[in-house]
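First, one chain by itself in structure tokens, the form predicted on its own.
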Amino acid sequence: MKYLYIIGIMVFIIACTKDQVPEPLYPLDVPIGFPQPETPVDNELTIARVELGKRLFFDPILSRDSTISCGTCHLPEKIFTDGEKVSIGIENRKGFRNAPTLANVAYQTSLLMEGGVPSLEVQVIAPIEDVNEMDFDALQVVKRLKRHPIYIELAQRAYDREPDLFVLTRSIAAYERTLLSGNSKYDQHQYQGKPNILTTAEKRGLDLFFSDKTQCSTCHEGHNFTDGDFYNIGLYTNYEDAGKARATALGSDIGRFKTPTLRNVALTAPYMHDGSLNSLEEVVEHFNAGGQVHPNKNGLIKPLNLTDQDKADLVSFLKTLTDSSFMQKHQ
């Protein structure tokens, strides 16, 4: 029912589009080696839209008791994660999943770890409506916004209309599309003509990562180190969280979760959908051991027989995906 409700909201939002696009356009700084992110025709990035979305992103007005904002679980200083095993919502309620980074979320073609939401605009509704997150109603949020002259003014400037669901969802999505990260040591090595910036250990780790032996890059591929697909990696024999099966109700999808980006991964602990692994070393060891037995486990997940040096080198390489300038920009 939750998915049907969200899709219903999506249809309403799409039906309320406007032709007018305010100026000036937002100067999106796309990293070297990255493609231009796709932007919906009805939500072209402008400075006004991004500014409104940023203000809303960090405003707890979105939650029922006005204590939780999007930025509560997606902290800029933690690469837009929160450092918790699972997110904490209003009244200290525990969610059931680890907050993913929003860095480069503009490139995702499906949202949530089961991929049940098709766009950033629609995803905005999910945490507002979730009982363990903001525990509110998006229409009630709109009513609140209309009581604040500043939001009426900003909405008119950005979308030529008063605050409504269209403005709420489109503006936050616009801000999130500006969170691009692509200036790590790896990027400087790969795209910026600095082949000697990596240490010997980091280069060994890079070679291992892209090797047939580990096949890490089979799923963690491309500029954002994810193929956007869904896999059961043998994290558990029995999954409390059904993963993609929550969206499809298919037994074959139990325990399958979307491949996360590895960008800035050294700063986004703990790991996995439930925050059950605390360090990169634990993550590497999980894959080295081949995971636990499960009928849906992907065939690539099998013992790797890595040496201690191999494992250390892989961790060294993963740390080269840290983009310190991204943190500084969004402090």
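A quick note: this is a predicted structure, and the numbers were derived from the prediction, not measured. Just count from 1 along the sequence shown to find any residue number.
Just so it is clear, the following notes concern the form predicted together with ligand HEC, a form of the same protein that is not shown.
Contact assignment for ligand HEC in the predicted bound form, among Q192, T199, T248, Q215, heavy atom within 4.5 Å: After the contact test, the surviving option is Q215.
Contact residue in the predicted bound form, from L75, A242, V142, I88 (heavy atom within 4.5 Å of ligand HEC): Spelling it out, the residue with a heavy atom inside the cut-off is I88.
L28, L52 and F136 each touching ligand HEC in the predicted bound form (heavy atom, 4.5 Å): Not a single listed residue reaches ligand HEC in the predicted bound form, so no.
Heavy atom of A289 within 4.5 Å of ligand HEC in the predicted bound form: No, no contact at 4.5 Å.
Partner contact for D164 in the predicted bound form: ligand HEC, 4.5 angstroms, heavy atom: No, D164 is distant from the partner.
Heavy atom of I47 within 4.5 Å of ligand HEC in the predicted bound form: Outside the cut-off, so no.
4.5 angstroms heavy atom contact with ligand HEC in the predicted bound form for V283: Yes, V283 lies within 4.5 Å of ligand HEC in the predicted bound form.
Listed range touching ligand HEC, judged in the predicted bound form by heavy atoms within 4.5 Å, from 142-150, 155-163, 181-189, 109-117: That would be 109-117.
Within 221-236, the residues that have a heavy atom no more than 4.5 Å from ligand HEC in the predicted bound form: Result: Y231, I233, L235.
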